[in-house]
Ligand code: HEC
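Consider the single chain below, provided in structure tokens and representing the form predicted on its own.
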Amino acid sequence: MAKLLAPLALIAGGTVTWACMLGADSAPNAKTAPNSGAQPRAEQGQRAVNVTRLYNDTCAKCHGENAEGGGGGTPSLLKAEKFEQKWDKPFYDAIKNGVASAGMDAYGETLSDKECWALVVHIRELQGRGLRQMNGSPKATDGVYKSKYHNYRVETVIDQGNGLQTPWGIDWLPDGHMMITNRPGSITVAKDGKVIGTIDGLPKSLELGQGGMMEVAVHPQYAKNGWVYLSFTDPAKDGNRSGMTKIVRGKLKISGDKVTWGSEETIWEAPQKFYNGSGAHFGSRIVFDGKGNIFFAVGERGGNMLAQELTNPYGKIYRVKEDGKIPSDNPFVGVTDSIPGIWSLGHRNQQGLTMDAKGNLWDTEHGPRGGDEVNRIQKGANYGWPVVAFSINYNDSPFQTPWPTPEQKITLPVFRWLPSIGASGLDYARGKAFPQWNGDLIAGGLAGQNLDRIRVNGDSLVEREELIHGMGRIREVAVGPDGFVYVALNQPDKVIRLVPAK
């Protein structure tokens, strides 16, 4: 069973969660963002219920408006053990079927399954808020944070006011040059924590909502081939304010403090008809598999059900060869009208992607309100967006239930965050700096402003531990050549790192 390791370490064991929003059927074009579709109850010609009001009307009289309990002797739900993921299904079953021994009615007689699940999501939000208030965040004593396996300090590498603008991606050249992408379109270059400039000659990118200059990934054999890969929002050719995620590679010329981009090659781009004006969900991360291929993520751009279709590029993880050719053993090669390179489907917004030392590919991706995910990405698998969901809609209305039927053949996450953290950067610990973390996933959250260490065994969560919280919106997590954990923050725009405490 997973164990609580830190002031708000949400633990899971057993079935895991999903994240969802609305539904969509219509394909977007270059001028129109994908249609997000109708609200769940609107499909039935009814007005969607407000989940907070539903909880207050049906549950608060016994469980309290903040899940503190008290009514009729009902115990508090604000307990770390009750916050564990393993209670998702029992909570749902109790709401739907009732608990006769406790005098609790079966609300499944008057509420839909979606509404019963939405009450669980609301309870999780109350628990998350209440436990944070009671237990607080990880705190340093004399600058030292203590965790289960290692003590560490947090250092500032590049402080705000040094040219970073919504930093998104981080990687290093073999000579120690550190590159940090900035969403408005530049890449900052630093050496030994000192900013020395930006890269000249970069491809033109479009800052469109969440999109812009996003990922930088240095080829593992850079010393031999000189390749650096980028993902960015490529502007539509017709001049409209539309764009789409694009992957390129190029080479750098370094002369003193001057760094120039050149020899650019396109690795993957979508047909122009799929460029659109949505500012949401670009994906972006790039991973090398060491076998001559790269994996990268493209979000569903707000198109929801489009993530379930192979005939469009949205909501997919791709595998292509390092030069952009399509591997013959990809799962959907030969499928009529499928977008080349698709490896998995049913994703929403994958802002974290990494491959561990065992060759397992992992992603983290956003749900809307509840149900951010850690997924082990497998060949040809469908990760369910937006067919199943451990979340509700942003407007506080129910959406789906989280568990697929057997015929749906949907792969559930290994772990889910509930409530949402805005899952973002992802890497895995390695090297000599934190040896007892080696192999663990290190994941960041934007809205949650949290950095978590996550240990898994196959498809099962072992433990989760919160390392830092409240320092800013965590956009990127990158384990450096020194084994230190580097973190790009937004608001404030800076780079920090976790180093062993001596």
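From 1 onward, residues are counted along the sequence shown. Predicted model, so just to flag it, every value in this text is computed and none were measured.
Keep in mind that the form predicted together with the ligand is not shown, yet the notes after this line are about it.
*Okay, which stretch from 85-93, 140-148, 212-220, 195-203 lines the ligand in the predicted bound form, with non-hydrogen atoms inside 4.5 Å?*
Going by heavy atoms within 4.5 Å, the stretch is 85-93.
*Could you check which residue among 290, 359, 103, 174 gets a heavy atom within 4.5 Å of the ligand in the predicted bound form?*
Looking at the other structure, the residue within range turns out to be 103.
*the ligand isn't shown here, but in the predicted bound form which of 462, 471, 62, 447 has a heavy atom within 4.5 Å of it?*
Comparing distances to the ligand in the predicted bound form, the residue within 4.5 Å is 62.
*Using heavy atoms only and a 4.5 Å cut-off, decide whether all three of 99, 119 and 123 touch the ligand in the predicted bound form.*
All of them do, each having a heavy atom within 4.5 Å of the partner.
_Test of understanding: in the predicted bound form, would residue 58 fall inside 4.5 Å of the ligand by heavy atoms?_
Residue 58 belongs to the contact set for the ligand.
*So in the predicted bound form, does any heavy atom of residue 332 sit within 4.5 Å of the ligand?*
Contact check for residue 332: no, nothing within 4.5 Å of the ligand in the predicted bound form.
_Test of understanding: in the predicted bound form, would residue 295 fall inside 4.5 Å of the ligand by heavy atoms?_
Looking in the predicted bound form, residue contacts with the ligand do not include residue 295, since no heavy atom lies within 4.5 Å.
*asked:* With a cut-off of 4.5 Å between heavy atoms, is residue 77 one of the residues that contacts the ligand in the predicted bound form?
replied: The answer is yes: residue 77 has a heavy atom within 4.5 Å of the ligand.
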